[in-house]
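As structure tokens, one chain now follows by itself in the form predicted on its own.
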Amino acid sequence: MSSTTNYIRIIERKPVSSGAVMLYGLPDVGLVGVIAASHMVSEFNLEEVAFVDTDMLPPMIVLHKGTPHTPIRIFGNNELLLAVSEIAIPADSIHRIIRSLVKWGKEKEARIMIPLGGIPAPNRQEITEPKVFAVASSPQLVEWLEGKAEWKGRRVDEPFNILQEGYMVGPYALVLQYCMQENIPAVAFLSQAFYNYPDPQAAAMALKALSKLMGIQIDVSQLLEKGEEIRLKARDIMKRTTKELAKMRKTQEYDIPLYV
């Protein structure tokens, strides 16, 4: 009897700088991370530097400008690395795929990892400006985000809202878990968002939090102006993402109040 072993390889197309900030834009609540990542790629003209080769995803490619690409890619420059998935990552593959991305980032000596995502807000339609909550991989980073301490010689100019209690479920929960295990600094920004509806405004707010933390300018005006166009384009991936989130019991995040 023959047996097969699932494989995951991260193949580099170009030399990758060490010491960069590594961001994650993965399908999750409101597709906040995916929308934010797409905007970052365009805004900073990031090039594809690596891609994930694995038999743990459906047999598919994505087409851009007539050429094929794998669904999970890493974009970057000398300062930023950005892991992006253009498909919903299957629930039965997500542990190994996220672990591989975190391990690769550690090998590249990423100085901090920052997932951008959403947090389900049951009353989202009543919220005019979504709040962004921060989650950190260590107590020291929490104090830094609260403005109570320095981290690597830096202080934040304005404290962030810290998610004090609750559950996290899905890809970003795993990023934080593996970063904590590997002693990699990590901060997740989670914007209040529609659970199963693409939310460009929530993505814009997450990018504003990232801008504040990193001290870089990120223009989100185009993101907000094209909100309806983005929502229409993202409907199908949102449907598939919602199905995978249900398998991960994502709705468990509702069990305890996650914000005030």
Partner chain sequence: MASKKRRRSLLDLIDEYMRTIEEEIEERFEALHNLFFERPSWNARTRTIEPLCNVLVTPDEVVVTADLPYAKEDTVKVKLLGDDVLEISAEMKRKICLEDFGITHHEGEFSEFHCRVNIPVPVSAEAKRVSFKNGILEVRLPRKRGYEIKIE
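Quick caveat, the model's predicted, so the values are computed rather than measured. Numbering follows the first chain given and starts at 1.
As for the form predicted in complex with its partner chain, it is not shown, yet the points below apply to it.
A.B. asks: Do Lys243 and its partner chain come within 4.5 Å of each other in the model of the complex, heavy atoms counted?
C.D. replies: Lys243: yes, in contact with its partner chain in the model of the complex.
A.B. asks: Using a 4.5 Å heavy atom cut-off, state whether Leu232 contacts its partner chain in the model of the complex.
C.D. replies: Although its partner chain is absent here, Leu232 would touch it in the model of the complex, with heavy atoms inside 4.5 Å.
A.B. asks: When the contact criterion is heavy atoms within 4.5 Å, does Glu165 count as touching its partner chain in the model of the complex?
C.D. replies: Judged by the heavy-atom cut-off of 4.5 Å, Glu165 is well away from its partner chain in the model of the complex.
A.B. asks: Would Glu158 count as touching its partner chain in the model of the complex under a 4.5 Å heavy atom rule?
C.D. replies: It does not: once its partner chain is placed as it appears in the model of the complex, Glu158 has no heavy atom within 4.5 Å of it.
A.B. asks: Which residue, Asp219, Glu228, Glu47, Asp53, has a heavy atom that falls within 4.5 Å of its partner chain in the model of the complex?
C.D. replies: Among Asp219, Glu228, Glu47, Asp53, a heavy atom within 4.5 Å of its partner chain in the model of the complex occurs only for Glu228.
A.B. asks: Looking at 54-62, 191-199, 208-216, 39-47, which one sits within 4.5 Å of its partner chain in the model of the complex if you count heavy atoms only?
C.D. replies: Flagged stretch: 191-199.
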